[in-house]
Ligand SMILES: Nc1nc2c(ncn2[C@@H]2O[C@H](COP(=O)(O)OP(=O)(O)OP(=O)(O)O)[C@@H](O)[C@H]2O)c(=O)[nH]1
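Taking the form predicted on its own, here's one chain by itself in structure tokens.
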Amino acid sequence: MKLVVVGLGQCGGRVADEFALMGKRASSQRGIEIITGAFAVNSDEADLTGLRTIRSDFQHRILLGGRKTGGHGVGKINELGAQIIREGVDKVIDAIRTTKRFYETDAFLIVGAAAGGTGSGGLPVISEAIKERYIDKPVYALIVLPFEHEEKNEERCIYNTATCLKSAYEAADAVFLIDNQRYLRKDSSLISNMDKINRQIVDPFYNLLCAGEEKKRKRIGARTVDAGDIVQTLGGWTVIGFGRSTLATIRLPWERARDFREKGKETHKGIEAMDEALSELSVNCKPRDAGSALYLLSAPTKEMNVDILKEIGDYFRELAEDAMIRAGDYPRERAEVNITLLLSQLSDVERVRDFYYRVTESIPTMKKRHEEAEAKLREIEEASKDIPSLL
């Protein structure tokens, strides 16, 4: 599957930068093109300067709203971010058109942080604009949810997140949810290891995008997962997970056949990888709430037999009994069994529901606080009405 990736704001730009790096890795290591274009859009000049892989010309790093922000961002006011992106959306569309192999692109991926300003406000606007221009290509949003400390310390963070989620769900064909907090628990320092967190966000897409673009015969699976399978799976709230299980050894051609114990262990390696993929989902959710699902098994060719495919399939069917399940294999990795898992068309996501409830409950408090502040200002003005002015 080939993607055009557009990152909005600081977080979105950095994640898009990581997708661009992944595209280069696929090209150099596998001879596959999976990222046809990567763009970063921001109202903050410094954030664009800090990117590493996305091309540094003005068509790939797009600065908007310079007159209103002076190149210093929107200060977490996502309404202003939406306005700036809306006014500059034609500039972004024109830049996307410069992609050399644009018409081979299967879908768009728009990336942003829900709690920020430019990304939160601009992501739904860009998604809607691209969807209107290119009705034959799906538009997916990838939304990074805030850390717990951001939620506790920044009231605006909750409001931005809820409005971004609601608007993106209405505009995009599917919304990938990424919970920053789940990656922070993996021994990643917020200050020094942000790049590592971004890499963990992007890595699960690697095999999924590459599988359908393979050109080498020995790398083509018996059941290939291509762009059509992914497009038919994705819709609404979506999460992605990745799990791996290390094989002890790879059997050499001249070695004697494995006994039943070794074969049983190898079969269970698939279940182990599936369990890890489920535990490492990008947002905590229940598989039984998925309306559609897709999993991709990647392992050495000799390790992917009917037994392992059947055991994984039966196990996952028990977990997501109501989902339309698609599956495929990708003969790729050495000494590992890997599983990439998509759960989509989720009927319930507790994290999203929580943001909606919290904003709904806080609106009366915010309104009351605003009214009290205006009343105090009026008292000050009233007290000063008899004082001469120097202006």
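Numbering starts at 1 and follows the sequence shown. Just so it is clear, the model here is predicted, and its values are computed rather than measured.
Only in words, not in the display: the form predicted together with the ligand, which the text now covers.
Trainee: Just one of 196-204, 102-110, 286-294, 88-96 has heavy atoms within 4.5 Å of the ligand in the predicted bound form; which?
Mentor: Result for this chain: 196-204.
Trainee: Under a 4.5 angstroms heavy atom criterion, identify the one residue in 76, 137, 244, 166 near the ligand in the predicted bound form.
Mentor: Contact with the ligand in the predicted bound form is made by 76 alone.
Trainee: Which listed residue (115, 143, 211, 299) meets the criterion of a heavy atom within 4.5 Å of the ligand in the predicted bound form?
Mentor: Selected residue: 115.
Trainee: So in the predicted bound form, are 11, 43 and 180 all sitting within 4.5 Å of the ligand, heavy atoms only?
Mentor: The answer is yes; 11, 43 and 180 each reach the ligand.
Trainee: Report whether the minimum heavy atom distance between residue 47 and the ligand in the predicted bound form is within 4.5 Å.
Mentor: Taking the distances in the predicted bound form, the answer for residue 47 is yes, it comes within 4.5 Å of the ligand.
Trainee: Heavy atoms within 4.5 Å of the ligand in the predicted bound form: does residue 147 have any?
Mentor: Although the ligand is absent here, residue 147 would touch it in the predicted bound form, with heavy atoms inside 4.5 Å.
Trainee: Does any residue in 211-244 get within 4.5 Å of the ligand in the predicted bound form, counting heavy atoms only, and if so which ones?
Mentor: Stretch hits: zero.
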